[in-house]
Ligand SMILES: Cc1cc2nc3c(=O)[nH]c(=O)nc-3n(C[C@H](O)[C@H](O)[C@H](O)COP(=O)(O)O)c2cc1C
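Next up is one chain by itself, shown in structure tokens, the form predicted alone.
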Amino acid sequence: MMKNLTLSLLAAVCFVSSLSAKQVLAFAGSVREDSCNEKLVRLAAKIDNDIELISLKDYPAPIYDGDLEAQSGLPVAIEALQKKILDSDVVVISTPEYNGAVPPLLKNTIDWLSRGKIGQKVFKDRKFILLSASPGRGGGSRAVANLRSILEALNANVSLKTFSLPNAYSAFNADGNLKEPSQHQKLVEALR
């Protein structure tokens, strides 16, 4: 038991030291109050307090429409988010699963991010780490596969290591940590 705890602590220290020199941005694909995916990215930021946690609620955009873009350009909030991502080396996204896919908010945000003068640069030259949390047994793994497909179509460098949290409604304790140490370890490994 002590050996496992020592190895876990060593892994966490290696994870923190590996990210400390990099700019890491994290957000959830949901802005719902008490979102499990928001809890998951907050936990990632607790694991490494150098992770900058943002909310898509602070970057609102209308449903993507090419005519609207031609008429008005990119929403100011999307331009700000593009710059924030460009300043990052790693982007951690935790996605809910809506009917086996990413939620409309996240897809719409990605659609807008890919547009404009710097849209294609947003997804290049940085690593994307994908997480998910879902009340179901799959933990949102279908949404992760869907998100990977979307990001790779935009030439993003998506980590092969992902983390999906099943039974998410009961997976967190009152402090926002995962109840199961093995799940916590898997999250650390995915972030590493």
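From 1 onward, residues are counted along the sequence shown. Since the model is a prediction, treat every value here as computed from it, not as a measurement.
From this point on, the text means the form predicted together with this ligand, which you will not see here.
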Evaluate R142 for contact with this ligand in the predicted bound form, applying a 4.5 angstroms cut-off between non-hydrogen atoms, and reply yes or no.
-> yes
Looking in the predicted bound form, any heavy atom of R32 within 4.5 Å of this ligand?
-> yes
Is L56 close enough to this ligand in the predicted bound form to count, meaning some heavy atom within 4.5 Å?
-> no
May I ask you to check whether S164 falls inside a 4.5 Å heavy atom distance of this ligand in the predicted bound form?
-> no
Which single stretch, out of 123 to 131, 66 to 74, 149 to 157, 34 to 42, brings residue heavy atoms within 4.5 Å of this ligand in the predicted bound form?
-> 34 to 42
Taking this ligand in the predicted bound form and a 4.5 Å non-hydrogen atom cutoff, the residues of 78 to 100 making contact are P96, E97, Y98, N99, G100
